[in-house]
Ligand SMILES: NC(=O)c1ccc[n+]([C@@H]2O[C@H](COP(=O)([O-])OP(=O)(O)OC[C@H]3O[C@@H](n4cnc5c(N)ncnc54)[C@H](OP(=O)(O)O)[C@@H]3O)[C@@H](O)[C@H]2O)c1
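Next comes just one chain, in structure tokens: the form predicted on its own.
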């Protein structure tokens, strides 16, 4: 089958090539991929040159049911969150990391849900009740920022989103500012995903005994904190680390929640880029250089492959 393979080169991170068909375990189905989403974290792994096979967000149709009888039947439309190898014509996915799709949700829309949607949903769960809370969200331009803003404002939060491309975030109910310095605090909750100088700047805007949840370091710049800065405002504040995979709820269960919200019109994936998967390398460059707002989704097209071959 055809699949995107890592190159280890910065100028072209992946190329289309041949890969062996997936060999599923008893608790896995084989999904024929119709669309997948790419994430900045996957770019970082590809740039590291470890040989890791990318692909954590997929949507398509089950072409081989699980041998143990669990999960969806053959022919079912699904969205899935495999640990890797999803940028391919077919991929094996555990049945507890899948959710079935209703006709109202397309594969392209569903593919934008897994990593970003799971992160936003679980961030909201980690934050607890946000009704009436003043929330500062950094790095809000991507998929996580859009999902969290829509979910949190619907739950009654007052969200201030840091983004230089924030038109859609404002439509979702956020006050949008171009940088942390422009955010008018203080905030009960800060969600920080950029690292570098932004984290201490955001921490300074926290109320006394407030909470900062640190869930990323997109700038790839280490953070330096001065203990005494806590006495300038966020006295007795809490800094908490968050990783979306640290959840007691299976991915499939939370994916089903996200699908239900989309199908009922209460969650709207922001797809800032939709291209054929033969253009994946250029889309990765756009995503790395922050030229994509929201999610980037690639459609797996046999016709485009055939045209490339000729």
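Numbering follows the first chain given and starts at 1. Computed from a prediction, not measured in an experiment: that's the story for all the values here.
One more form of this protein, predicted together with the ligand, exists but is not displayed; see below.
In the predicted complex, no residue of the candidate spot (2, 60 and 299) has a heavy atom lying within 4.5 Å of the ligand. Contact annotation: the ligand lies within 4.5 Å of heavy atoms from the stretch 111-119 in the predicted complex, the single such stretch among 127-135, 111-119, 151-159, 224-232. Proximity to the ligand in the predicted complex, defined as a heavy atom within 4.5 Å, singles out one entry of 216, 185, 200, 237, which is 216.
Taking 72, 139, 82, 210 one by one, only a single residue has any non-hydrogen atom within 4.5 Å of the ligand in the predicted complex, and it is 139. The ligand is not drawn, but in the predicted complex it has a heavy atom within 4.5 Å of residue 165.
In the predicted complex, the ligand lies farther than 4.5 Å from every heavy atom of residue 277. Among heavy atoms of residue 143, some come within 4.5 Å of the ligand in the predicted complex. Of the heavy atoms in residue 40, some are within 4.5 Å of the ligand in the predicted complex.
Of the residues in 227-259, those that come within 4.5 Å of the ligand in the predicted complex through at least one heavy atom are, in sequence order, 242, 243, 244.
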